[in-house]
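Coming up is one lone chain in structure tokens, specifically the form predicted on its own.
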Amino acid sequence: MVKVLPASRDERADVRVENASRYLKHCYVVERQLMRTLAAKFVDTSQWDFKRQLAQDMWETSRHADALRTRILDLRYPRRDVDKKYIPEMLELVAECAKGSDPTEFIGGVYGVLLPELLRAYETYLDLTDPLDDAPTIYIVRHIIADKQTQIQRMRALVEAVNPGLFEHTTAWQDYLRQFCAAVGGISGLDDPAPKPTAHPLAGRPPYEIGRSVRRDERWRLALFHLPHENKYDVEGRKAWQRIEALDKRVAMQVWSAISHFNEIWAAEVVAASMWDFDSQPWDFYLDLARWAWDEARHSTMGYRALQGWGWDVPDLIPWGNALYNAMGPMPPIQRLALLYFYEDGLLRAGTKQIELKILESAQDDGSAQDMDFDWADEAIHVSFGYTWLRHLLGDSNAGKEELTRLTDEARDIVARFVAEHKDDPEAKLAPYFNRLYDIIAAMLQDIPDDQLDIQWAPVVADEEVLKA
């Protein structure tokens, strides 16, 4: 018999470090896989309001996963096995959520079932853990809970405005996912597992596969391209644009910037699709690409906001093209990233953003100038992402650099062939858009003092050799 002091307090075994890290890893795996799934479903969603919301929630989810992952590493230090031996049941749960037959069913399942189940797991964790010993986790989890609650509320408000009854129309899918979640013992893993709902009418769907082409919101007319530089064969579209340019180069820059920003959605789609296609990369790869994709979706919203700010009926007046993603979608994911990096790096090296910003400032368009300023900051980060991860994927050697050049040149040829193959399609013609826009723009013009800016940059030129360059 040995002598000891009485226990200073009563505690549950659940709050010990090993149990805490195991519990948090359940949540981390779900958040990590949900992030990639939201990215993929963002690509496959055409409805504009849902699309941009999925992009934001994808990025926020990446931050939640990163915070949990960091805390798990804290608890297990010096062990570094957070990204090994994922809990199969958690992977299976999120994979089932991805099988929603369309974006509305997917939204009903994620925001009606999976996020509430995550909230239940986080709230249970707060009830179980010690507020002093585990204070860092409590801080993280409370902030995640606040974000998740906001995500659910925001999506429900959006559903009410855009697609009332969505949650009611997807009750069968939600019921199946609740049963599936119960079958894996809940996200916490603490519940007694129920039988798998194999007899449910919606069980047994094939694994989800991301689309290799995209459709745009049905409120917009079908459009392949959005500005004349994309399709050099569209002579009438170029002439129609030059009428706008002739009003004033500043006016052309304002309109060009807004339309271009709005159509940056293709870049977000390229990156988001790569997040899905690459399934075994280092964690920081996904974290960086989540930021990259969300930034591009933000840029698209910048353009939409500017166009709406002028009071324009955006679906009626503005082309929302899908040619770039549809040309690049079938490419290997590394090739898509290589081409996007080529585009963005080239713009920065040429100083294009700086020139555009000066023109917008000359136009005294503070809103568009601010958008461009933040866009420029974002794009610089994206170039660093592209450099880092292409070097990781291809190797930092002459062979890797040669392969990057080969991939990029081949990708540019693929896009060029796509343009040539579709140059005569009715949806490839931009003149109808710009001819409608011309009268609206001309009627809105106002006088400002001329600051004598020497505007060297021209959005469109008639000289074919310059176009080729």
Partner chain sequence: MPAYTVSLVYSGAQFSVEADETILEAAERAGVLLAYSCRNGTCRSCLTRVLSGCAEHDPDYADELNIDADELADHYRLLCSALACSDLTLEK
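A quick note: this is a predicted structure, and the numbers were derived from the prediction, not measured. Residue numbers count along the first chain shown, from 1.
In what follows, reference is made to the form predicted together with its partner chain, a form of this protein that is not presented.
Q: Which residue among Tyr286, Phe167, Tyr304, Tyr341 has a heavy atom within 4.5 angstroms of its partner chain in the predicted bound form?
A: By the 4.5 Å criterion, the partner-contacting residue is Tyr341.
Q: Can you pick out, from Arg250, Arg216, Lys358, Arg76, the residue that has a heavy atom within 4.5 Å of its partner chain in the predicted bound form?
A: Comparing distances to its partner chain in the predicted bound form, the residue within 4.5 Å is Lys358.
Q: Taking 4.5 angstroms as the heavy atom distance cut-off, pick the stretch from 191-199, 205-213, 156-164, 372-380 that is near its partner chain in the predicted bound form.
A: Among the listed stretches, the partner-contacting one is 372-380.
Q: Answer with yes or no whether Arg349 is in contact with its partner chain in the predicted bound form, where contact means some heavy atom within 4.5 Å.
A: Close contact exists here: in the predicted bound form, Arg349 approaches its partner chain to within 4.5 Å, heavy atoms only.
Q: Can you check whether Tyr387 is within 4.5 Å of its partner chain in the predicted bound form, heavy atom basis?
A: Yes, contact at 4.5 Å.
Q: Can you tell me if Glu89 lies within 4.5 angstroms of its partner chain in the predicted bound form, counting non-hydrogen atoms only?
A: No, Glu89 is distant from the partner.
Q: Would you please decide whether Ser280 lies within 4.5 angstroms of its partner chain in the predicted bound form, comparing each non-hydrogen atom pair?
A: Outside the cut-off, so no.
Q: Across 157-185, which residues bring a heavy atom to within 4.5 Å of its partner chain in the predicted bound form?
A: Nothing in the stretch sits within 4.5 Å of the partner.
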